[in-house]
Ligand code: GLC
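Coming up is one lone chain in structure tokens, specifically the form predicted on its own.
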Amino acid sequence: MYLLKRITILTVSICCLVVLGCKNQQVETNSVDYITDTSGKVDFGKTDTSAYTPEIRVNMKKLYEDKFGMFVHWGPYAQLEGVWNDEEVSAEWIMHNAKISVNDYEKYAAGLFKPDKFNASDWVDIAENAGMKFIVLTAKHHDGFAMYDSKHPYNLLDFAGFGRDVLKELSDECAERNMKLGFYYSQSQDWHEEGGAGNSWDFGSRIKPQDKFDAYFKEKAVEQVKELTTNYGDIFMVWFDTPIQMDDEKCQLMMDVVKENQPGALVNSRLGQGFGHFDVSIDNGKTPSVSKATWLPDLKVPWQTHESVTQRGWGYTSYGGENDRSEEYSDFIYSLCRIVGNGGVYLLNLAPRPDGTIPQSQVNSITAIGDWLEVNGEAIYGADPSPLKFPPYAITSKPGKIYLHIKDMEGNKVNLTGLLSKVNKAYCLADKSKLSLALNQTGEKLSVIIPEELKQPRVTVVVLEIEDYNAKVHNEILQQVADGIIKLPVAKCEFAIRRISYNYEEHVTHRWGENTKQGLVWTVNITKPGIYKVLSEDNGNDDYVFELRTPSDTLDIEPKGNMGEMTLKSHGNIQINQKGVIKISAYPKETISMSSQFKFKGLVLEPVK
């Protein structure tokens, strides 16, 4: 949820995307709310390396080690259970989507919100049983309501008349049980305040006059972050969101506030303008490649992504918060494996009911991950990414070991291409006897046979003990083939920024084209320079234009025609003048909305004779 020229609300259904635009509109199953654009010229990396102090390094190393945390979206929106005027609207975005006035939201949501069954010990039990090592709770979401004892009167104790500070109870419980705690804080969007960004139905515009936003930011946002970083013990991180109207000065001020009160607290990149200690993807952001772009020479800095066990939003709804998702437990586990294998950290969201209890269906979802981690945690906690930049499936590593994660395994053979290090032994991680598996290794090709009795439910982990401390792999730079053709599949690209996603099943982009910084970058070895005809494999879009770039030339590509059908389309010529390893990239030029359903599989460059 980043700075944007427009706020777009997305409904994701099984077969279509629908942009919500009218009051009280009913949404389809699996809807999720998003903001499309990013902020500033730099998405991540503006924070100077000097900000990685010894205190920050301790927590960054812990974040890298722990890999897995619990996100919690909880506030007055839960009181409405996703429904307004008898219509199913959305979860934590219900005030915005249904255009609920401040007065009505105060009366029917915030004023009634009294979570008397909240039990901090139960929450920490749930996180521990799931194998989660830290918790991040929404201290204030976009509705502007503080979930703690704030000096600002719009808070759980003063406004709702609930005589308990749930953040204090949770922070005390976490401290007692060595569970790290972080707070989500919406620094820019505040639909309750005239000066906060986002509320156009009560206050006339989404973007606020600078003087009003400055006053809001100084008098409420800054002061509340001071409270959160002062009154609740050691804070692991402050997770900011949607940096609308955030400039460098405001971002630096927030960095300074956090540092002054919590020298070790990590700040995420959604603070805005490239600031922060670690980068964050779009919601449930997937990537085709391992990313170490955020690593420092002497510190492994992971990127982070997040998804929810709820459906149709991040907060609680009666129609998305109680659903049995047992058939998807394998998907949640494999998401963790993929993310860690590609260099990331996984934040999995729960949505408590208005009374503070967490539905058993949600608990079951994450406990299934905990059960799996109890057996296979060696392959996750403290693990390094795959040694292959473009792994064919989830792979993690440690010195002298490679872990192959095989989901819902069919057959008995596991294949891997690209590993050059000699494998001395292979065994199943769940097998306490470490029985050696039959393996065949010829050159860079490896196969391992898994007996039926050693297959694990959901995800089987095969351990490869290798001869080298750090695995050696084949050259993954794309090579121009003998006839001069250059193939540029999305499956072999790197993302210029994290605010883009990838579909592993179809090998296509997801949500590419929403802003001009979403570059797809290929590294290619050119042996035959020349002029090339460009073919794009996509499902068509009449509005979209992206720019293909080589070091020698650029070409605008308009993927028109054959709408909804994956086809290979021809688009003019582009020039490559030099031999050797080069970067070829594609960047959006005329952007499209997330509802476009545009899918892009890659490019083929054919030499013009």
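Numbers for residues come from their place in the sequence shown, where the first is 1. None of the values given here were measured: they were computed from a predicted structure. Between two forms, the rigid core is defined as the largest C-alpha subset superposing within 1.5 Å.
Keep in mind the form predicted together with alpha-D-glucopyranose is missing from the figure; the text below concerns it.
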*May I ask you to check whether residue 184 falls inside a 4.5 Å heavy atom distance of alpha-D-glucopyranose in the predicted complex?*
yes
*asked:* Taking any heavy atom pair closer than or equal to 4.5 Å as contact, tell me whether residue 143 reaches alpha-D-glucopyranose in the predicted complex.
replied: no
*Do residue 73 and alpha-D-glucopyranose share at least one heavy atom pair within 4.5 Å in the predicted complex?*
yes
*May I ask you to check whether residue 316 falls inside a 4.5 Å heavy atom distance of alpha-D-glucopyranose in the predicted complex?*
no
*Picking from 237 to 245, 107 to 115, 387 to 395, 256 to 264, which part of the chain touches alpha-D-glucopyranose in the predicted complex when contact means heavy atoms within 4.5 Å?*
237 to 245
*Give a yes or no on whether every one of 93, 270 and 283 sits within 4.5 angstroms of alpha-D-glucopyranose in the predicted complex by heavy atom.*
yes
*If you check 306, 492, 458, 338 against alpha-D-glucopyranose in the predicted complex, which one has a heavy atom within 4.5 Å?*
306
_Using a 4.5 Å heavy atom cutoff, which residues in 447 to 471 contact alpha-D-glucopyranose in the predicted complex? It's fine if the answer is none._
none
*residue 220: Cα shift of 2 Å or greater between this form and the one not shown (core-aligned)*: no
_After fitting the core, residue 511 CA displacement of 2 Å or more between this form and the one not shown_ = yes
